[in-house]
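What follows is one chain in structure tokens, specifically the form predicted on its own.
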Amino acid sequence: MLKDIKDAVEQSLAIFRGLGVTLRHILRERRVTTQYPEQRPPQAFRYRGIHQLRLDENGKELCVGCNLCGLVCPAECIYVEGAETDNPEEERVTHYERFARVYILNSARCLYCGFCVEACPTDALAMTPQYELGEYHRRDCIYDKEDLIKNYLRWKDQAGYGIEWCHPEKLPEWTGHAEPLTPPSHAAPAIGEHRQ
């Protein structure tokens, strides 16, 4: 009986010690409130958000439809159909003879590992600093080529997780704050639409 009382007292003391640590943390730590969405929290240097298909300085696509991104993807969420063109260079969507006729990425299955970005031989694929990835419908998680190009245009001149941003010497250029230039590629649903 004396041993049971001793165990009960020790357990109670352990609980109060744990609560004391929590209370000290609450009373001593400075509270920081971010006024989201007007003020966005800073992001890590190598944060990987939603994908983008990049364009060159002339507005032509960099993707050649080689499907290396789809082959290296562990979640198999990327589908690419490449095609060849005989058009003169002025009429092509890209400078290359090959281009991605179809490019589909299912972001609901994506692991955001960045393997696809590292596998891209033309640096066409990158990841934006976008972290608002929630959708009401599964169909909105599927991005086609036009959506991915819109993502690039939205985050155009800001740091994204691409080949050039994998290098630590780029760290001094990263501010941690990224603001979109245009609205998202998928419009927000109307009120009550998510219940349908």
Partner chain sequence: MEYVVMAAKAVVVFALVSGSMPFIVWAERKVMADAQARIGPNRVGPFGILQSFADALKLIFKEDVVPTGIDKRIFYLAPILSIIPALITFAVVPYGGPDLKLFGYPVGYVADLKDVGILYVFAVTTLGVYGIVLAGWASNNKYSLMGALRSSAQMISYEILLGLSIMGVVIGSGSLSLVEIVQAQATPYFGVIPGIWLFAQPLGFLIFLIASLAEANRVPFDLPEAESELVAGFHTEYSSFKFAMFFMAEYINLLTLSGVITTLFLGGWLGPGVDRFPILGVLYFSVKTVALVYFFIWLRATLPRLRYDQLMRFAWKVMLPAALINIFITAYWVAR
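Numbering follows the first chain given and starts at 1. Just so it is clear, the structure is predicted and the values come from calculations on it, not from any experiment. Superpose the two forms; the largest set of C-alphas matching within 1.5 Å is the rigid core.
Note that the form predicted together with the partner chain isn't included here; everything after this is about it.
Residues placing heavy atoms within 4.5 Å of the partner chain in the predicted bound form fall in a single listed stretch, namely 31-39, out of 31-39, 134-142, 47-55, 61-69.
Within this chain, Leu13 is remote from the site of the partner chain in the predicted bound form, having no heavy atom within 4.5 Å.
Interface membership of Leu23, defined by any non-hydrogen atom within 4.5 Å of the partner chain in the predicted bound form, is confirmed. The partner chain is not shown here, but in the predicted bound form it comes within 4.5 Å of a heavy atom of Leu19.
Relative to the superposed core, Gly59 undergoes a Cα shift smaller than 2 Å between the shown form and the other one.
Once the rigid core is overlaid between the shown form and the other one, Arg30 counts among the residues whose Cα shifts by 2 Å or more.
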